[in-house]
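Okay, so here's just one chain, in structure tokens, the form predicted alone.
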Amino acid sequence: MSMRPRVRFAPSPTGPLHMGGVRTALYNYLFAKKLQGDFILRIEDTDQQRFVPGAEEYIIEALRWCGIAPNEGVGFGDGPHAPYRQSERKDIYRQYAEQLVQSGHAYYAFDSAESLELQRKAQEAAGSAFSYNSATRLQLTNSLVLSEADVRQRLQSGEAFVIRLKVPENETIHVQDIIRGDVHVVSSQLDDKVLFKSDGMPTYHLANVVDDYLMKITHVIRGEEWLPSAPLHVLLYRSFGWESVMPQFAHLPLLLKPDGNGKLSKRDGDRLGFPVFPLNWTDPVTGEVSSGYRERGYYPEAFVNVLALLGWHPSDDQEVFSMQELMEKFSLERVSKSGAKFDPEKTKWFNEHYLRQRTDEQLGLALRSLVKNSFGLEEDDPRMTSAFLNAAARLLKDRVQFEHELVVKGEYLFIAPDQYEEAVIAKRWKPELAEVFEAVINAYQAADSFTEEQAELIFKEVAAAHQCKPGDLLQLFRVMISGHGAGVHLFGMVSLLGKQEVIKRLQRALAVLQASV
């Protein structure tokens, strides 16, 4: 086996990439990068009946968005083992399937679907399940019981057939798994799996073993759902005589629902209001749109960070990792056997963390397009300057989890309120306070400077002159300017809006409040 690790992510283009699939890709990527190895994207499209248009492109785009770029593979450049789509490699698989027949490890089976259905019904009537295996294969229509001449004639006449693996009887097959240790199964529990189908395509079992061998894959890191197939794959390596180059296996734990009760599914996401796909996916048949993390406003760093911790546990209590840190610290030995419970709120927490790491300039740039789309402001509007937008972002960034919330929670920075929070007005407003706020307006009018500190000082001086505690007036003051009883730093907002805008808002609020008495 090569000392340089080579791993692959091998999804089927049968629909959108579930977050469990992205985690598999991520762990393969981190494992390869840590050890200066290669990470390959291979598309396993042997099941043409389940092929979904657009799924392959979705897989490639999802990996790019997450920053999980393969060294070689579909969409990422050819390496020495192209092509990387199994549908383009089918001639390769036929010769290997025939090789197993010649060596006695596989056989031709000519059973029709109808005859197999009759066998199933007969077995069910007898109270047992039918399996094509060592106990039944000699009673069926295959090259183990037919004469060579009969087999030759059937093949030459073009009769439909499949090639099945001849599973040995009563052997214990061992799989050494990096995560789970020694996994073993008695061969009598396995059926003679189809390796090559009548449509000229291999099954997953043959194709993935042949491709892993030809592409010099050293480690197969995949989901737990493939663990039952691992003994079969070990048998295939042995049948080909490739045991010395058989990759090491690591089967990752399941992703569980937030309550820990069962495997996470799209239905759980729809029911509980969180996506399970990295990107939006439109079903090409129904037109139904399933939401993705990207379109919901999550940063790829947050999505990747939470995925990394779904099954892998660092040696310390660190939670936030850059991709570089993940590469340095990741190891399969610290991946758990038990399922990992997904917490959608934790993903929001990670997104909030990464948003707060953004500079004011980065968020100001994001805010520009959001403001333009939400409020229709022209480019020459003072609220569209970089200085205003960056300052607005600085005020808002500690109050949001997503960039799109900047305009939702900060609307009053761009649009003057036309309604005022009634609960605050009912509690705080008294007609005699009109005189105080008119004095604030006059003092602001006369101010030469309108910095945050100066605006606060003037407000406090006016309050003191009218024998009022500033603390009794501040929430009402906020509502008059923003319409809300809570929000960003009050005098930071006042300074950002500027003297004339604050005066205009106070005058309007006073008029409304006095008219309501």
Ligand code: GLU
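Just so we're clear, the structure is a prediction, and the values are computed from it rather than from any experiment. Note that residue numbering begins at 1 and tracks the sequence as displayed.
Below, we refer to the form predicted together with the named molecule, which is not included among the displayed structures.
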item	value
Heavy atom within 4.5 Å of the named molecule in the predicted bound form - the one residue of 429, 204, 161, 240 that qualifies	204
In the predicted bound form, the one of 213, 76, 226, 349 near the named molecule [non-hydrogen atom within 4.5 angstroms]	226
Segment assignment from 333 to 341, 218 to 226, 95 to 103, 399 to 407: heavy atom within 4.5 Å of the named molecule in the predicted bound form	218 to 226
Non-hydrogen atom contact residue 208 with the named molecule in the predicted bound form at 4.5 angstroms	yes
Contact label in the predicted bound form: residue 495 to the named molecule, heavy atom within 4.5 Å	no
In the predicted bound form, residue 44 touching the named molecule (heavy atom, 4.5 Å)	yes
Residue contact check: residue 10 to the named molecule in the predicted bound form, 4.5 Å heavy atom	yes
